[in-house]
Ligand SMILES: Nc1nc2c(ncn2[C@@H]2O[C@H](COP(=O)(O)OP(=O)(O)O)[C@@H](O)[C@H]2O)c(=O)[nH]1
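Okay, so here's just one chain, in structure tokens, the form predicted alone.
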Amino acid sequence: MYIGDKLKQWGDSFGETINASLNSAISQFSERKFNIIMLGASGSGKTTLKQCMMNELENVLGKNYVPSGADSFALKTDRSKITVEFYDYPGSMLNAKDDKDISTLQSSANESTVFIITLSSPYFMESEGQFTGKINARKIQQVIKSSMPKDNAGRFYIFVPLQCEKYTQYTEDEAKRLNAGVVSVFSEIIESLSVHNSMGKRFSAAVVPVETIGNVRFDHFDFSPWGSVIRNVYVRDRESESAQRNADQLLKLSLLFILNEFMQGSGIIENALVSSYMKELFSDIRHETDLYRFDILFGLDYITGA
């Protein structure tokens, strides 16, 4: 074999190796999975909120939405695919004694990119906040603290007051008090996350009130003879129709952060190869998101990609 033939053979082999490596690299970053974990006490509305978000998927993503399971879905374009899975556990697992339950919950938190923390608004808004303990903030903060990433992976922490119609629909002062109350309840972990953000961690946090029904408002607590809360009592405005509010915005905020992680988490070469359609999808969702309606506590640039 002549030297020229050997060089050609070597060149072909080298080219095949490069192509195989490039295809492997493309596959590695063009198909990724992100997790959203729902954290909240029993009865705080996690599962209802998750279903409200799932109901908005087709409206938000259009042709890019691919159903893939009861608790998961995919965003798909010409080259890129992102699978998103919700982790939703009973609130009782926050106080679980079983090591397996504790490990399962913590493992899911460790693997999650978006944390949706739900809290029942009347517990901290009524009776001078004396029932705030029912939110189980201490345990939730412990799970979040134990799930801090050791690498530079991004995290988005969204605090979502539910059953909040009484405070969001009537006066601006009540709405402000609601947001301030959420921050107060979770002040310890919010302060810690803010410090990590200021040190360069890709951490974002926001308060996003969501009305899952819309035409109900909190009326009063029913108490036991010993003074403990038996149930929260709500009244329905029969002149108004049920209407969800902000579940779509919560979904869009979550997707913006995930898409930004997908596009910006890779190096220059990888990012250049990401489908332009995924970037267009990010731009479309950003355009439809009312970012300034909500209290973005820090890390706005990691949500907007700015």
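In this text the structure is predicted, and so the values were computed from the model without any measurement. When you see a residue number, it is the position in the sequence shown, counting from 1.
There is another form of the same protein, the form predicted together with the ligand; it is not shown, and what comes next is about it.
Proximity of Ser42, Val210 and Tyr234 to the ligand in the predicted bound form is complete: all three residues have a non-hydrogen atom within 4.5 angstroms. The stretch that touches the ligand in the predicted bound form, counting heavy atoms within 4.5 Å, is 156-164, out of 174-182, 107-115, 156-164, 198-206. With the partner omitted from this view, the residue of Gln264, Ser68, Thr48, Asn55 that lies near the ligand in the predicted bound form is Thr48 [heavy atom within 4.5 Å]. Proximity to the ligand in the predicted bound form, taken as a non-hydrogen atom within 4.5 angstroms, holds for one residue of Val216, Ala74, Val229, Ala96, which is Val216.
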